[in-house]
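Heads up, the chain below is alone and in the form predicted alone; it's given as structure tokens.
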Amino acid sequence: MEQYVIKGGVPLVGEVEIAGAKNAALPILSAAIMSDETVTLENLPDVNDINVLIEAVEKIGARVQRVDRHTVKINGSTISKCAVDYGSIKKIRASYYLLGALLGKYQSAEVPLPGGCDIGSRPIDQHLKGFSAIGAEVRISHGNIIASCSHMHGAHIFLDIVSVGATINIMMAASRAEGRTIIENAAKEPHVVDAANFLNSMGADIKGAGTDVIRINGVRKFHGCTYSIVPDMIEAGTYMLAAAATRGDVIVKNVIPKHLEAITAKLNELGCEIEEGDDSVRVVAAKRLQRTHVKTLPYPGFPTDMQPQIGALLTLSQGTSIVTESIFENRFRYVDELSRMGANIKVEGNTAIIDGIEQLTGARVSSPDLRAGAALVIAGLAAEGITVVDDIVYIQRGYEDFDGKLRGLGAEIQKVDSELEIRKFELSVG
């Protein structure tokens, strides 16, 4: 089992290039099979979740050509079945996007109930509600979601809760339904907009993505296209907070600064200096940071996927900070691990009360999920001494070359897979 071993206390300095957004690439990869012509996707992140989904798409018969590390060509004309194998998809949450894609194209889909990180209940009832509204019969049997319909038609759908997954899934299926579909209370995240832009590039007629009302006029078929995935705002935010935690000076490149406004606003409150360029953000933290309060909300609010990372940062801020999680109930599983490093955090329900301390100390910790794992790495980078982060398979689901990019900023971090390699690292860094 691979681990990260880190010697903390080194300010991060330099430039880091951000990859394509995992949360946009997953639905776009799924939607690419809806065309019988070749679709070229660029700026794909090279992370485990993407590679698992590519394998799943191949197994149902699509032709897939890996052009290079970040580019893939997909042709869905050779798909031979509408049932996705459990073994190839069980580890990722985004398996459900194949439901909307297959249902939209073939009016039939069978996909295993999704897996992914255990960060709390993420029901798919809004997905199924939307599919039923456009004419599908949906049931769950033997661990699979089975959807089929003889005639898909437009519908007026009001989502009971703001759901990124349901918004995108319904959008995919409805883009091939007859007539007009309206989704109200739609999610507004950048990856919703990116998925809509991609579908439009294949010939869909979708308007309003990025607002809470999306209007879709169904079309009969899609054509091929070449499309570049939007930059990953969560990866960017993670490096921004790592710079702040280590009192560093980092330029985060290949980003859309507007997508990062909730994060940059909090860093400004904390006392960081922020400089925005056309496609970059510079974070400078010259002194110990102040306290702040954070509440996670749907976009454009503070993202739940950044909550563990800012929680780690606030353990080092002056005074008492409060973090409220309003999206997922299990998002504080990293707190016990930070406590092992000396953090002073008390969790009450969906709220964490964080009393900042001067210095974290290195410890052996375990990553409970993707973003919590990134938070523990941030803590290790700022801590005194050696930190070992176990179960980094979660981190590798969503961060491309995490340790390599951090080393490029001066961090002393190594990926290892044995106690002997940990000891060698400890000796090499003194």
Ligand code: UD1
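This is a predicted model, so every value here is computed, not measured. We number the residues from 1 along the sequence you see.
One more form of this protein should be noted, the form predicted in complex with the ligand, which is absent from this view; the next part is about it.
- Proximity to the ligand in the predicted complex, defined as a heavy atom within 4.5 Å, holds among Cys149, Ile327, Val250, Ala204 only for Ile327.
- The contact with the ligand in the predicted complex, taken as any heavy atom within 4.5 Å, belongs to Tyr96 out of Tyr96, Phe131, Phe198, Tyr239.
- The ligand is not shown here, but in the predicted complex it comes within 4.5 Å of a heavy atom of Ile161.
- Contact annotation for Ile124: at least one heavy atom lies within 4.5 Å of the ligand in the predicted complex.
- When the ligand is considered in the predicted complex, Ala382 lies well away from it, no heavy atom lying within 4.5 Å.
- Among heavy atoms of Leu26, some come within 4.5 Å of the ligand in the predicted complex.
- Heavy atoms within 4.5 Å of the ligand in the predicted complex are found in one stretch of 261-269, 349-357, 280-288, 183-191, which is 183-191.
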